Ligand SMILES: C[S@@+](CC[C@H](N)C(=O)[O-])C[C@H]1O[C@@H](n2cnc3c(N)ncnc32)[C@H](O)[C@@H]1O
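The chain below stands alone and is given in structure tokens; this is the form predicted on its own.
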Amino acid sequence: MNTQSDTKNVSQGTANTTGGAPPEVMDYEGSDYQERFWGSGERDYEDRAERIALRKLVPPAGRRLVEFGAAFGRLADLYGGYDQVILLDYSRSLLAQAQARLGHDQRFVFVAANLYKLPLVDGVVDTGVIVRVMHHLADVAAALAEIGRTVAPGGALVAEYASKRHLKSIARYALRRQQWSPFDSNPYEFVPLNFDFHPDWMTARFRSAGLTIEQELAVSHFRIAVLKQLVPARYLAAADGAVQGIGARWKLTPSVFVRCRVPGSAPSALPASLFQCPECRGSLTDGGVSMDCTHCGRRWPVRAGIFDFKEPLDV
């Protein structure tokens, strides 16, 4: 289980990918996620193990990178080789925390937006990263379609997902301590908007989105409370890093990292403009305190350095 959901809100998204109700969105607005989930040190091992995986998978340098669901910028220090970094999250309050952590580094752009209707133009980055977000997605296919269009041809998408087929769930199922099968290919929603996925199911979603899987890593082999208490996190994470590659053959860990490639040849230049209207995909002009759509007239506020595409200003 990657998250706790007691202090988070569920809200309706704006996307409508199937003609029915739009997908719900997990909203961390106003939550104490940074301090409660990461500040206690209880997940120091997971943080270190995930960083090891990302250093293996994320291209070390590039023109522009976007992290989807960046929260308070926990992983932002890994992107030092990029000319520009977009930190995108649905929570304005977490992005404000990221601003406070990162100071006045002009490489960073802070964007509040819905993952199902991104305000980014097509092919705007050469690298995309999404970590500890996939398990909140009620419509993985729709999200991957949006994410995929923002990565330029030849670019990389590094994604993490929560796997249901890990050793602890297999043991619990064998001992009849859980009813759901870790071998069932369908996603399992253990609490609202918290999903575990079967690796085969996720592989099919990546391929259906037109992405080519280049490399996979199995992460958090030692996410066991007693081990985390007995062994210092740096040693436990180093051991995890040593087996992440070979562990990907079986994928029996609670977390799986994947690097996918967008088909095509990399363009000589990325788009100069970052944003488009998330509602109509029209062009935006800078209105000073807002980004204004030239097509539908919606005005998207810019507040304290955060481009806010969650709700438009009254027209």
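The first residue of the shown sequence is 1; numbering continues from there. Since this is a predicted model, take the numbers as computed values, not measurements.
What follows is about the form predicted in complex with this ligand, which we do not show.
Figure note: of the listed segments 271-279, 258-266, 26-34, 245-253, the one touching this ligand in the model of the complex, with heavy atoms no more than 4.5 Å away, is 26-34. In the model of the complex, this ligand stays beyond 4.5 Å of every heavy atom belonging to Arg149. Although the partner is absent from this view, Ala239 stays clear of this ligand in the model of the complex, with no non-hydrogen atom inside 4.5 angstroms. This ligand is not drawn, but in the model of the complex it has no heavy atom within 4.5 Å of Val66.
Proximity of Lys228 to this ligand in the model of the complex falls outside the 4.5 Å heavy atom cutoff.
Proximity to this ligand in the model of the complex holds for none of Ala145, Ala162 and Thr203, with the criterion being a heavy atom within 4.5 Å. None of Thr127, Ser220, Ser91, Ser169 but one reaches within 4.5 angstroms of this ligand in the model of the complex through a heavy atom, and that residue is Ser91. Interface residue among Leu211, Ile86, Val140, Val133, judged by heavy atoms within 4.5 Å of this ligand in the model of the complex: Val133.
In the model of the complex, Glu67, Gly69, Ala70, Ala71, Arg74, Leu75 are the residues of 46-78 with at least one heavy atom within 4.5 Å of this ligand, listed from first to last.
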